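Next comes just one chain, in structure tokens: the form predicted alone.
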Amino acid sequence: MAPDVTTADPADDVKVPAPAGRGRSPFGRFLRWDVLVGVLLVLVFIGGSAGSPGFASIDNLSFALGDLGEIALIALAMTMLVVAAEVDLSVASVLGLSSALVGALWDAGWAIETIIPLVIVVGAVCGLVNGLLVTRLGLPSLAVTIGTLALYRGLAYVVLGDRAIAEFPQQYADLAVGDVPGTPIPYPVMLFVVLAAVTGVVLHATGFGRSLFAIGAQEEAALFAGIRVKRIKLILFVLSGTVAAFAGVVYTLRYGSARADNGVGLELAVIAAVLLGGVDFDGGKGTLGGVIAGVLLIGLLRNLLMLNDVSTEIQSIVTGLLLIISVITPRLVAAAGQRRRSPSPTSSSTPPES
């Protein structure tokens, strides 16, 4: 009989393992990685408020949240991909291709109402190409999306070259940079909140979400349980490309400039946020709440460094360090937990003396 892998609780994510045969203590629950990231987020906010004038002001926090819009949106789709033990490194290049298409078509006299849906469809096609290469040819997603990262960025330069297109319709630019009336919340952040709520329900409260955790935990067992692994992964890649293209539209309107090099390196910030939030790069573990905390932590750190006139190069170094820490630390914690549960040689029974 096939193992029922889909009944695993998706909410039981990255945590310090409790000793065998014992329930999880309140202290153990506190030591869950995503909870620790949330605590670190609070500490960074408190430290930034105390050490940097203006950091905690409404205007600055609104700016910091708005600056996170594209990373936060792409992180939602990336979370589901990584939970299913896949990754898409081409998202920033899809964003750049989307921006280039917006600029080229606008410069050619197309209506923005026609451009936006067309660009989103192109993003879905980019995701479809990634998904087909992974699911139909059996290629590793890491290698595939490194290749399409270069491919899609090259296509962006073919479409727009080194030109910069500006002067987009003001009413659409206002949606990318303006706040929801009566609040300091930017429109892209409000959109993220809505989509995050939907993603959270799908990931943690539906059969589709349980299938993602099952695939990430043990793909072969998921196949035996009747889960359509290839179809689900294909859907995830298409979703990733679609969201990245939409983020490219937001990015273009927010900065008021369409360029082929828009979003270069953004995939590192997205991956760092997802892994920092406690999603296991090997799949099968993670929470959306942890990812949101990771996104906010990276955003606040970037904003704090910017307020202190730290160069973009140093900000990239910090992002890289956070990425390394987010990969290594949970594994060290898990390894330490396994050593604690393993019986030591001295504690094993010794044969009686003759």
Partner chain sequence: ACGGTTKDSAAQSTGAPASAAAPASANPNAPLKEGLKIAFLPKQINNPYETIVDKAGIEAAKEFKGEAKEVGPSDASASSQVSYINTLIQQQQDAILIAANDANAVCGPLKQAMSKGVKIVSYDSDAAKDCRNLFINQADSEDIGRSQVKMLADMIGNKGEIAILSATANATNQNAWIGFMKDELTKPEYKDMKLVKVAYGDDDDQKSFQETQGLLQAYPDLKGIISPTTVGISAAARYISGSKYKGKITLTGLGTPNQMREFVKDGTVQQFALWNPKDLGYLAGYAAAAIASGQITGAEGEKFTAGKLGEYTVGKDGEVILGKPFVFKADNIDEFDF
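Source: prediction; values computed, not measured. Residue numbers count along the first chain shown, from 1.
Beyond the structure shown, there is the form predicted together with the partner chain, which is absent from this document and is the topic of what follows.
Shown alone, this chain has one stretch from 186 to 194, 169 to 177, 237 to 245, 120 to 128 that lies within 4.5 Å of the partner chain in the predicted bound form by heavy atoms: 169 to 177. I71 falls outside the set of residues with a heavy atom inside 4.5 Å of the partner chain in the predicted bound form. In the predicted bound form, the partner chain sits within 4.5 Å of a heavy atom of G54.
Put simply, L81 is far from the partner chain in the predicted bound form: not one heavy atom of it is within 4.5 Å. Using a 4.5 Å cutoff between non-hydrogen atoms, A260 counts as a contact of the partner chain in the predicted bound form. The partner is not shown here, but in the predicted bound form the stretch 105 to 129 reaches within 4.5 angstroms of the partner chain through a heavy atom at W106, D107, G109, W110, A111, I112, E113.
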